[in-house]
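Listed next as structure tokens is one chain, alone, in the form predicted alone.
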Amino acid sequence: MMLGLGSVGLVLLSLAVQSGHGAQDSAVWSREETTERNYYTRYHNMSEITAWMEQMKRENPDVVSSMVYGQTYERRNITLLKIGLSSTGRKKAIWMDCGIHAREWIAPAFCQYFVKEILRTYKTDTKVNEMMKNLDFYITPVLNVDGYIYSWHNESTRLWRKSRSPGTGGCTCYGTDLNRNFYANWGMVGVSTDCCNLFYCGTKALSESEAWAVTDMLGKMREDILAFLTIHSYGQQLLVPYGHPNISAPNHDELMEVGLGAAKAIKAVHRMDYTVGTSPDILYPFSGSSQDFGRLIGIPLSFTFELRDKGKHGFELPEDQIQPTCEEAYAGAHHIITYAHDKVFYSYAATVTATLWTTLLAAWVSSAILL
């Protein structure tokens, strides 16, 4: 039985989720009683995250729904939460995905925290409420479901990065780096064609069903998506397109300005410094990323968050850093989303107002001449 994630918390919850082909994804688990606050300061396996998604829908039926938009290689569902206030008109959208790399556990933890915060604040925070009226948030807590489940098996699999599709052409290794598999300068730089390599880009662009699922969704929604945010770790960076050193985004200056504003908002929370720039400038060049694809198809604001830390713990960030990491990252994401929202809705309002005043002025001038 799934108990509410309120003050009573989760009590000896036991759950086993079945994959699409009938095999059990994880063992039955149990925990001592914990409060909602404690829930968001711990990492959670896929069964727990799935149960949490269902709980978010049950507790917030007017604003939260879910959508299965693809399947993994091992036939598990790829599911997002759609969050927003109902509207009779067509709404704009914000995309956020977490867990494209299995070992980056802080990323799904952030997606969960982000959902919690917007649901907690939209009734009392006028800005969040306004954005919930004008925007729908499409949030995928775990994109690389197969890899994430595999990373929970034991200590030897904890640092698994890729998907779980098998190699081809006699290669006996598993997995493709999903963030090298998108149709955005695919295979050009910072990738490997060796299926045993961490940065293996696949046999072709979109060879992986997970990358295809995201591509399909973005293609259907691209006219409405104002910002694309993909959450990773580690490095404390905000990456902007493009990953290829010889290609620049047409709105590079805007991306940098917004990114620097987000980094400032992040630093204001816990004094953590985040570096902003393209990956060739501050990390390393690579192509075929989801961020680059998002910008390539016309989404104006596309960012990769590389969360804490800078290498001391790396992918195994201690649980006592989950909350501060999520708090500061939320401030950065909030800055980007607010900018994206206000640029569209306030600029539109200003344009309408200016047009109205121009029309009224023209009418007044005409009447004055006639008099």
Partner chain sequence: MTTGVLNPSHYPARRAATVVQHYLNTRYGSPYRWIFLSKVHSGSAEDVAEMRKYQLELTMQETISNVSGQCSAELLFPGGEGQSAPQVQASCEGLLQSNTTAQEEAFYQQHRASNNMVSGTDIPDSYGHMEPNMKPFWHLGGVASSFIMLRESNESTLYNMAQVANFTQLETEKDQLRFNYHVLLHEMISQEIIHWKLLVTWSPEQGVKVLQSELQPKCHDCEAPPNTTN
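Residue numbers count along the first chain shown, from 1. In this text, all values refer to a predicted model and were calculated from it rather than measured experimentally.
Missing here is the form predicted in complex with its partner chain; even so, the following discussion is about that form.
Interface residue among 59, 316, 342, 327, judged by heavy atoms within 4.5 Å of its partner chain in the predicted bound form: 316. Taking a 4.5 Å heavy atom cutoff to its partner chain in the predicted bound form, the contact residue among 258, 142, 149, 201 is 149. Site residues 182, 251 and 290 are none of them in contact with its partner chain in the predicted bound form, judged by any heavy atom within 4.5 Å.
This chain is displayed without its partner chain, yet in the predicted bound form the stretch 100-108 from 81-89, 100-108, 117-125, 214-222 comes within 4.5 Å of it by heavy atoms. In the predicted bound form, at least one heavy atom of residue 160 sits within 4.5 Å of its partner chain. For the chain shown alone, residue 63 is not a contact residue for its partner chain in the predicted bound form, no non-hydrogen atom being within 4.5 angstroms.
In the predicted bound form, its partner chain sits within 4.5 Å of a heavy atom belonging to residue 153.
The shortest heavy atom separation between residue 45 and its partner chain in the predicted bound form is within 4.5 Å. Within 4.5 angstroms of its partner chain in the predicted bound form, the stretch 276-311 places a non-hydrogen atom from each of 280, 281, 282, 283, 284, 310, 311, taken in sequence order.
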